[in-house]
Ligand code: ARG
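Only one chain comes next, encoded as structure tokens, the form predicted on its own.
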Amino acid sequence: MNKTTKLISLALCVIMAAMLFVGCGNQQSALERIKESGELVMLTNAAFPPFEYLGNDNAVAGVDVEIAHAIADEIGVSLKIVDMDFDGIVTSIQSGKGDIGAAGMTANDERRKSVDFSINYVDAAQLIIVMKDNAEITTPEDLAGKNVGVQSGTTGDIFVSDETDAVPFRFKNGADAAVELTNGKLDAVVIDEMPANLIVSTYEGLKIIDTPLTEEQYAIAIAKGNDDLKEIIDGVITKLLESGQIDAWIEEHKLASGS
């Protein structure tokens, strides 16, 4: 390589480095992009009352919707809600199809590999539902060899699959699992505490085994590295927790959803 070629190569390298630096410098943060678009996109699964459900007007309502509206108001944008299958929310957040995942979602180590989470805002647990006349199932160990319904992709699904010798049957929502339980096609259903209470109050002949299977906390999922958005969300949730507003919304939407 002669001297002239070396100089040209060096110049090209300098230009490319400068272009890369400018490109990185102009890259929008998540918060800037949301402000520019004028909307915060919330991904959820509207089959988990009182956190998300379809109201009388067929619009998505619930505790998580209230929280998301508060976050959107803090940013100064409108809220757009996308109702989808629960087990697709994390991957959709990763791919940029939504800004937040708010769906009564447990912040666990497995999900943290794919997304970041806000601070926790609700304590939760998984519970077993069986028929009232079922005397065989009283503990998690009793699920061994039994057909157990779960909502696909939830921590109930993970618990039954990883922590028991049961045969998991996956459904899009807990209500579908409850129907199969009452029809005698399942031996039990494992689901979060609040939806479990709604299911038992809705379908006759069911009871809850009171022993919690897990200790969990709900949080809002955010794409990794969006620290500016996380700071806003954490601040809003902190204020709502300190004021007691989240507890108030839980009671309000328990009544509204019949849970």
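Note that the coordinates shown come from a computational prediction; the quantities given were computed from them, not determined experimentally. All residue numbers refer to positions in the sequence shown, first residue = 1.
Heads up, the form predicted together with arginine isn't pictured, but that's what we're talking about next.
Item to check | Interface stretch in the model of the complex with arginine - options 91-99, 137-145, 178-186, 151-159, non-hydrogen atom within 4.5 Å | outcome: In short, 151-159.
Next on the checklist: My question is simply whether residue 127 lines the interface with arginine in the model of the complex - judged by any non-hydrogen atom within 4.5 Å.
Outcome noted: No, residue 127 stays farther than 4.5 Å from arginine in the model of the complex.
Checklist entry - Is there a non-hydrogen atom of residue 166 within 4.5 angstroms of a non-hydrogen atom of arginine in the model of the complex? => result No, no contact at 4.5 Å.
Checklist entry - Might residue 71 be said to contact arginine in the model of the complex, defining contact as any heavy atom within 4.5 Å? => result Output for residue 71 is no: heavy atoms all beyond 4.5 Å of arginine.
Checklist entry - Any of the heavy atoms of residue 170 lying within 4.5 Å of arginine in the model of the complex? => result The answer is no: residue 170 has no heavy atom within 4.5 Å of arginine.
Next on the checklist: I have 45, 103 and 216 flagged as a candidate spot, so tell me whether each of them has a non-hydrogen atom within 4.5 Å of arginine in the model of the complex.
Outcome noted: Result yes, every residue of the spot touches arginine.
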